[in-house]
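Only one chain comes next, encoded as structure tokens, the form predicted on its own.
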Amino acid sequence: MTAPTGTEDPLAAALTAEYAAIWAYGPIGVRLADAERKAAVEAEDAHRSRRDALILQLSTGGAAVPPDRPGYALPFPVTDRASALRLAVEVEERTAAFWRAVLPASTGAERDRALSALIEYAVRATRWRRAAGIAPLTVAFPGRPG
């Protein structure tokens, strides 16, 4: 999952980011236990719901729906709880960046959905940072490259 470039439809790019986020939560979830695993399942479900809504929105609006890939390259190996939590933070931050890119290209209800996604992913990234013991817990401008 790379940062949005502005050369493609921001909603299609956000959909591609959702595909990658869903895929990443597989390796994340198997390295976590108990409440953290439950949180990973809930995060994956949230990304699935947003993916499904985007597919519907794009297809009914006549836009091209980018296909999902069979797999995605992870930015680093996920071998234990610490690396799983680090990846969860990165997934939420990167996906938030794609939704942030939708904001200037949208209005009305579409903009509200994009803002809702950005906020949800920023909050989830903060929760994952807290679980991982990563400081600072928050970032000044969620979804913006650091």
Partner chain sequence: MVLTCPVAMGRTTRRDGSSPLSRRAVLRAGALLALGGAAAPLTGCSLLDREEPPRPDPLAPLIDESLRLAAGLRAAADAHPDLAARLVPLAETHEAHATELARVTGTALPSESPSGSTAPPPPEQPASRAATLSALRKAERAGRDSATAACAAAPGDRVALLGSIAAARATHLEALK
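In this text, all values refer to a predicted model and were calculated from it rather than measured experimentally. Numbering follows the first chain given and starts at 1.
Keep in mind that the form predicted together with the partner chain is missing from the display, and what follows is about it.
K.L.:
Using heavy atoms and a 4.5 Å limit, would one call D112 a contact residue for the partner chain in the predicted bound form?
P.N.:
D112 belongs to the contact set for the partner chain.
K.L.:
Classify L118 as contacting or not contacting the partner chain in the predicted bound form by the rule of any non-hydrogen atom within 4.5 angstroms, answering yes or no.
P.N.:
Judged by the heavy-atom cut-off of 4.5 Å, L118 is in contact with the partner chain in the predicted bound form.
K.L.:
Against the partner chain in the predicted bound form, would A122 count as a contact residue? Criterion: heavy atoms within 4.5 Å.
P.N.:
Answer yes; at least one heavy atom of A122 falls within 4.5 Å of the partner chain in the predicted bound form.
K.L.:
Looking at the partner-bound form in the predicted bound form, is L103 within 4.5 Å of the partner chain by any heavy atom?
P.N.:
Yes, L103 sits close enough to the partner chain in the predicted bound form that at least one of its heavy atoms falls within 4.5 Å.
K.L.:
Using a 4.5 Å heavy atom cut-off, which of 55-63, 35-43, 81-89, 103-111 contacts the partner chain in the predicted bound form?
P.N.:
In the other structure, the partner sits against 103-111.
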